[in-house]
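Starting off, we have a lone chain in the form predicted on its own, written out as structure tokens.
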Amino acid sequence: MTPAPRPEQARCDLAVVLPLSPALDPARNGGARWPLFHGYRGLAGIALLILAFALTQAHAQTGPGALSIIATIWKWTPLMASGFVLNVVISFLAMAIGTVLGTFLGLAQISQLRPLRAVSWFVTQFFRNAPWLVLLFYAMLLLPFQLQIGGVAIALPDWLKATFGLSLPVMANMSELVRGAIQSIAYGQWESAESLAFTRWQTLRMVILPQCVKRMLPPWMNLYAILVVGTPLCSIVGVNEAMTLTSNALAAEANHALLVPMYLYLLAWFFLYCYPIARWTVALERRFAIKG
């Protein structure tokens, strides 16, 4: 009679659970369960999915002639690229103008002069809650077509007026960023600077504002990404940016099968430009997180 195996000799039939691969482990991958869609690797993956969907739609509408759709899109790519560059230029200028004006407007909101605080608060709330498209229309209609400087006429192109129109909501949001960042600084910083006989302007310039930069940088970058996505609104007021040129290309081809692929192609461009900004914003938020 065969003796029963001792507990330490008994065979274990339980499945062995191996650790996850580092590429698939959520704990090592920033909490992402699908690394294809996480980080900069996801940038190419999602863009390829967008383009694949565009080509699938084209193939469903044209059948074996899908390659002609690709060739047509490639033919119009230089024209669309020139329009996209204008979108980027508009976003840069509008962000720069709005940042400068918004910084002064935000400082005015914490001024010791009550009338200045009231006026700056009203301007901030008005432009912050105004529709961007309405501001674009007002900028296009109210700004002159040319300026007379010393007897010389300087033309104001449509894209420049649209840039000023987009800078107004950026200014208002930047004003709130500045005000919120300054008020988030502990009051003891003001008292310490006052004990060193600093003036209010010296305290702001040398103590408060340097600490505000880290707090404002992530939302400032997020505001820029939103501004880039909003630049196609300029097509409605007649600016020849990427959206307008894509519509012109579609009108020239007169092929309804190109509608979805070309707009998805343009969407992929905006995504490829804005997605790294979004990831960088998240990284800066983690790096500059205020530990309480």
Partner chain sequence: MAWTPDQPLIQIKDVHKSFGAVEVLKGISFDVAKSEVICVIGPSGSGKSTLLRCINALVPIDRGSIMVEGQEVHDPKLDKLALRRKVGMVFQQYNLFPHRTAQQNIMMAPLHVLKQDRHEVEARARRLLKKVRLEGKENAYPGELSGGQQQRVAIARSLAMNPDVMLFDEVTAALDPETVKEVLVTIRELAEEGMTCIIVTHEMGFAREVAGHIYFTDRGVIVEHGPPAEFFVKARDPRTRQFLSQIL
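For clarity, every value in this text was computed on a predicted model and none was experimentally measured. Numbering follows the first chain given and starts at 1.
Omitted here: the form predicted together with the partner chain. The next part is about that form.
When you look in the predicted bound form, the only residue of 192, 125, 103, 77 with a non-hydrogen atom within 4.5 Å of the partner chain is 192.
Scanning 207, 96, 110, 85 against the partner chain in the predicted bound form with a 4.5 Å heavy atom cut-off leaves one residue, 207. Contact check for 188, 199 and 202: all three have a heavy atom within 4.5 Å of the partner chain in the predicted bound form. Only one segment in the set 127-135, 69-77, 207-215, 159-167 has any non-hydrogen atom within 4.5 angstroms of the partner chain in the predicted bound form, and it is 207-215.
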